[in-house]
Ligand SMILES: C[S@@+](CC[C@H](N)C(=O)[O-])C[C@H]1O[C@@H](n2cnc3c(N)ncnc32)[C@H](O)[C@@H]1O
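The chain below stands alone and is given as structure tokens, in the form predicted alone.
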């Protein structure tokens, strides 16, 4: 499928699902992703400053940043999401924290000055919806460009391998389709089977987009072994003792390559070199 058609399909899909995108990280399948992401934000963000949220969606992470004392500039390709984000900041009396909100793409951040942000985040998998490798590298270069020297850059992406577990357990008919062979070979999924087009990343592939421009601080699975087990996660949360033990296990294993390999999403935290 040609790049322009894929691009339009992705934009149209997210434009029609803004409310879901706001709720996604509080629903069963997004809980572990959100908890793990916040854990690493708290660990590696500077104590204060201005943060660029690239691919912000309707603002779940932008608002978290503002509520924790950061000034925020948000960028997302969906105009409806940016309008929703602005409204949520206003409703929570945080407008002063929102220093800018733009409709734009990760690979084209001309509206943002070079070396101007104390941290840069690109969370939830926007990089996976850039279907051409050349454009993914351009997006990585833009994230690096706008970060101050030594500023942390947080980028998450969708993993490639965990879907095969679902293929065996739930979606066996997909083995009759053509897409599964292409997916196994390249990680590229072109839509048509219940989800928008995206590229699934192998472990170590995401950081490779930055070349030698950054120093890697952390590489972590976001859901790990809880991937695609959202209903079980929500049930587990009802038992505080078991839930706390699971979180200890998760955070003790989430940086292991094996755990990253089976995770629905994984994230890198990198430091922009001088």
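Positions refer to the first chain, counted from 1. As the structure is a computational prediction, the values presented were derived from the model and not from experiment.
Form predicted in complex with this ligand: not shown, discussed below.
Chemist: Only one of 163, 101, 151, 78 comes within 4.5 Å of this ligand in the model of the complex by heavy atoms, so just point that one out.
Modeler: Selected residue: 78.
Chemist: Going by heavy atom distances of 4.5 angstroms or less, which of 85, 123, 120, 72 would be at the interface with this ligand in the model of the complex?
Modeler: Contact residue from the list: 123.
Chemist: With a 4.5 Å heavy atom cut-off, would you call residue 199 a contact of this ligand in the model of the complex?
Modeler: Although this ligand is absent here, residue 199 would stay clear of it in the model of the complex, with no heavy atoms inside 4.5 Å.
Chemist: Residue 56 versus this ligand, in the model of the complex: is there a non-hydrogen atom within 4.5 Å?
Modeler: Residue 56: yes, in contact with this ligand in the model of the complex.
Chemist: Decide whether residue 106 counts as a contact residue for this ligand in the model of the complex under a heavy atom distance cut-off of 4.5 Å.
Modeler: Because a heavy atom of residue 106 falls inside 4.5 Å of this ligand in the model of the complex, the answer is yes.
Chemist: Taking heavy atoms and a 4.5 Å cut-off, does residue 147 contact this ligand in the model of the complex?
Modeler: Looking in the model of the complex, residue contacts with this ligand do not include residue 147, since no heavy atom lies within 4.5 Å.
Chemist: Which among 187 to 195, 112 to 120, 128 to 136, 164 to 172 is in contact with this ligand in the model of the complex, heavy atoms within 4.5 angstroms?
Modeler: In the other structure, the partner sits against 128 to 136.
Chemist: Can you confirm whether 10, 14 and 24, the three residues that make up this candidate site, all sit within 4.5 Å of this ligand in the model of the complex, judged by heavy atoms?
Modeler: Checked in the model of the complex: all three residues contact this ligand.
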